[in-house]
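Next comes just one chain, in structure tokens: the form predicted alone.
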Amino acid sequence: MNIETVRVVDSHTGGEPTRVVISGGPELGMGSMTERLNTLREEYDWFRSSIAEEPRGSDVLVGAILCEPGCPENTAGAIFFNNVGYLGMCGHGSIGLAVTMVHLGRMQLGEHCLETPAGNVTLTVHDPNRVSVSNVPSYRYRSDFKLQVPEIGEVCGDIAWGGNWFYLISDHGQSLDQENVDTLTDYTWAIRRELDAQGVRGGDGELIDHIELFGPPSDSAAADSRNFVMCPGKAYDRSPCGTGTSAKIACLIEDEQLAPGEIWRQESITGSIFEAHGVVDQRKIHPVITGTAYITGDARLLFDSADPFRYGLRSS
């Protein structure tokens, strides 16, 4: 019997879990984070599935491989993934990764540069649990885009980039409550499928793989909006979604509904809140997302060579 081990640290950010691989992952070289992501996808996708899929993971889990930065002046690099593939950037995951590095003694209070496949982001650690992420430039790609969905009818929203591609919908007639999650899942997944079926894409022909619904907050004194975010693996985001909130901030600023620097409080379907604002630099909008994360585990994952499901149920 041969057993290999991988060390991970688990956390949650606003209820959404992140699993950071600390050691035991595949050797991805020292190229850019995009090059390393491509190596992971093409040569070691079994590792992603073994970490994020059942029986070790779950549909809701987001994983991250902690990498040495390409530039020695930066603090770290990260590649984010989930149960079905890879993410260019992950807001809640970046907050969870920062809190994980504080837990390990590898990050102090203050500013740090994190390299991601979507670009470099700045992490500001305020205390051991609270972190701000200055995200990649975010923007609206298409405004008031109308889509005919057979099961639903016409929907209309904005297509925007916040580190991942989103279809943002405010006029949907749905109740954004946890008791309604099954209906919201069916509704957003039907939209996701139809975008794909009709060949609607983001920039560079990329999939629009996140659907985000907006509605009134549960408490208008505590938040400006509530959202429901359907992620690529058909699991909803328990947090307010960092990249989705970034896409929303970009649209609000472009519509002059939010001034640069003005705080927007985004509530998730579970009631957790991110504070966000936008910084405009050379006509580019850089959203800043602030949230809290907590460590939930520091463990060794075991890979038994005799286990038929050691690389995940779907990969066996």
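The model shown is predicted, which means the values in this text are computed figures rather than measured ones. Don't overthink the numbering: it's just position in the shown sequence, from 1.
Beyond the structure shown, there is the form predicted together with a small molecule, which is absent from this document and is the topic of what follows.
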Practice task
Could you tell me which one of I51, I269, V62, A250 places a heavy atom within 4.5 Å of the small molecule in the model of the complex?
Solution key: V62
Fill in the blank from the handout: Assert contact residue (the small molecule, in the model of the complex, non-hydrogen atom within 4.5 Å, options L87, L97, V131, I211) equals L87
Practice task
May I ask whether H92, N164 and G242 each come within 4.5 Å of the small molecule in the model of the complex, counting any non-hydrogen atom?
Solution key: yes
Completion exercise
For the small molecule in the model of the complex, the stretch among 115 to 123, 137 to 145, 230 to 238, 211 to 219 with residues bearing a heavy atom within 4.5 Å is 230 to 238
